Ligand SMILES: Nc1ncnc2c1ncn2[C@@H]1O[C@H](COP(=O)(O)OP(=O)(O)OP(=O)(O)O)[C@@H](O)[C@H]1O
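Encoded as C-alpha cells, the following chain is the form predicted alone, with no partner shown.
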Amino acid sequence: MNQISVIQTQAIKKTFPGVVALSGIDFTLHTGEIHCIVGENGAGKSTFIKILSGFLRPDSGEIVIGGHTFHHLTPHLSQEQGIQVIYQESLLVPQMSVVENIFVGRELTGKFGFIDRKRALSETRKIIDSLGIDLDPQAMIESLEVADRQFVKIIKALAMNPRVLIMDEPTAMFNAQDTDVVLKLVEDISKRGISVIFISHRLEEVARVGDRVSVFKDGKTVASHENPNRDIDLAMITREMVGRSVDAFYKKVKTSPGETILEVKGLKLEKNSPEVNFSLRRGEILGIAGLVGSGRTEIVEALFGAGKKVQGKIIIKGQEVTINRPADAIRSGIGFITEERQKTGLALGLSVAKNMTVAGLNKFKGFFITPSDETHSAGRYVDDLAIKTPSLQQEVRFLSGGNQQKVVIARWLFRESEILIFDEPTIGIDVNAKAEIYRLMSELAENGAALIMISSEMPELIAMSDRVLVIKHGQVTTELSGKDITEEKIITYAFGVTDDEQTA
C-alpha cells in the first residue's frame, strides 16, 4: 500500500448545543488505502465525515489535502479536492430515473448545448457493468428496492472519478449476497488507487476489507490498528469501542407467551399474490426473515395500513378491525418502528419531546399543549430507555442513531401500543446501542407486549425470536421455532423452493 497521505486532519474539534461531537480528531488516509472507522453512535463518526465533505464547519483544527492546508471546507471545495461521500441517508430524487440521478446537476451535453441522454445512458451502463450488478439504468428510483438505491448512490459517486470515497454504512440495507458484492467492490476501488474511508457497525466487514481500523470514542481517536493480514482482533476492537466484550450481546429474556392478540388471515397484497396467514401472542417476539425484496416490509406495511392490500382479515383481541390507513392501526393499538426512521419515523427538526408525544396527542386535555406538558409526559422515557440527550427540547436530528431509535420506541410506549412492529430495529446503530435495543425489546415482551421483528441479521433473528416466519416472493415458506431457528434453515427456506414450486 502506498504510504503517501491523501488526507490528514489535526485536532479537529466540533460542538453542537449541549454536545461535544469532536474533541480533537487526528486522522490520516493514505493513497489506495481502505481506512475503516468504527465507534458507538455518538462517537463522532458522522460529524467527522460531514466536516470532510464540507457540510459542517469545524470549530478549530486543520485539514491537509494533497499538501494544501484548510481550516474548513465547503461542499464545492471538498468535491474539487476529489472527495465523494455515500451517505447512509438517501440523497436520491425518487421521481427521476437511475441515469438522471447519476448526472443530475452536471448533465452531459452535446456540441449544441443539448443534454446528451444517449451518452449519459452509455456511461451509466459502463459503471453498472463494471460492478457486475443487475440494475436497469432507466428505472425510476421510487420503483427500486432499498438495496438497489444504495447501488445507485455508489454508481453516482464513482461517476465523479473520486480520489477519496467515503462510505457511511454502505451495506446497512443489504442481505448477505448484496453485502458481498459491495465489499468486493470496495476492494476493487482501492486497487484502482482510490482511497476509501469505510464506516460500518458490522465489525466482520471491517476485519475483511480494512487496511487500517481507527476507533472513535467520545469524539476522539482512541486507537488505530494496522490490518495487513485481515486478522484483526474484533474482541479488542469491541472493548475499545464500548468497554465490554462482544459476548455480552444477543441475549433475550425467556418468556412464556400468553394468549393470541393478533391474527392475520388471507392477507393478499396483490390480486394474484399468495395469501399470508399468521398469528401473534402476548409476550412473544415473532421474527420475520427473508431476502431484501422478498415482501417482508410490504406485509407489515399492509398490516399497519401504510401499504397496499386487496384482501385479508385482521383480528385483534378476537375482534375483526378495519385498517386502511396508519391512523386506524394506531387506534387499534399497533405501533410501527420503521426501517428508515430518519425519513418516516421521526420529525428531525422537532424536539425529542414532540417526537415522543406526537402519536398520543389525544392523551392531553384541553385545546392547547404547552412545551411543559410535553416535557412532563415524555420525561419518564428518557430515564426508562436511557436516552442520551441534553434536554427534551433538543432537536432529535442531533441525537445518535441509537438514541433516535429509542425516541421512536418511546413514542409508541407513550401511546400505550400493545403490538409493536420493528422493521430492522438495529440497522445503522452500534453494538452497544444494539444491546440496549435488545434489552428494551425483551422487557417489552416480558411485560406483555407483542412484537414483530423484521431483520436481515441472522444472529439477531436467532437470539431474539420465539418463532420465525421465512418469507419468499411475498409468501410464508415456513415457520420455525425453538431449536429449529437456525441460520441454515432460514437460508434454505429464504433461497430454496417452496412446496408449491416443487409441485408446479
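Numbering starts at 1 and follows the sequence shown. Take the two forms, superpose them, and find the largest set of C-alpha atoms that agree within 1.5 Å; that set is the rigid core. Note that the structure is predicted; figures quoted are calculated from it, not measured.
The following text describes the form predicted in complex with this ligand, which does not appear among the structures shown.
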*Using a 4.5 Å heavy atom cut-off, state whether C36 contacts this ligand in the predicted complex.*
no
*Flag A21 as yes or no: does it have a non-hydrogen atom within 4.5 angstroms of any non-hydrogen atom of this ligand in the predicted complex?*
yes
*Answer for P425 alone: is it within 4.5 Å of this ligand in the predicted complex, judged on heavy atom distances?*
no
*asked:* My question is simply whether R380 lines the interface with this ligand in the predicted complex - judged by any non-hydrogen atom within 4.5 Å.
replied: no
*Is every one of E40, T47 and G402 in contact with this ligand in the predicted complex, taking contact as a heavy atom within 4.5 Å?*
yes
_Candidate from T179, N227, Q81, Q394 lying within 4.5 Å of this ligand in the predicted complex - any heavy atom_ = Q394
*The single option of F278, F414, F103, F398 touching this ligand in the predicted complex, heavy atom within 4.5 Å*: F398
*asked:* Can you tell me which of 386-394, 293-301, 137-145, 153-161 lies within 4.5 Å of this ligand in the predicted complex, counting heavy atoms only?
replied: 386-394
_Is the shift of I155 between this form and the one not shown large enough to count as movement, that is, does its C-alpha move by 2 Å or more after the core is superposed?_
no
*Using a rigid core alignment, state whether the CA of I387 is displaced by 2 Å or more between this form and the one not shown.*
yes
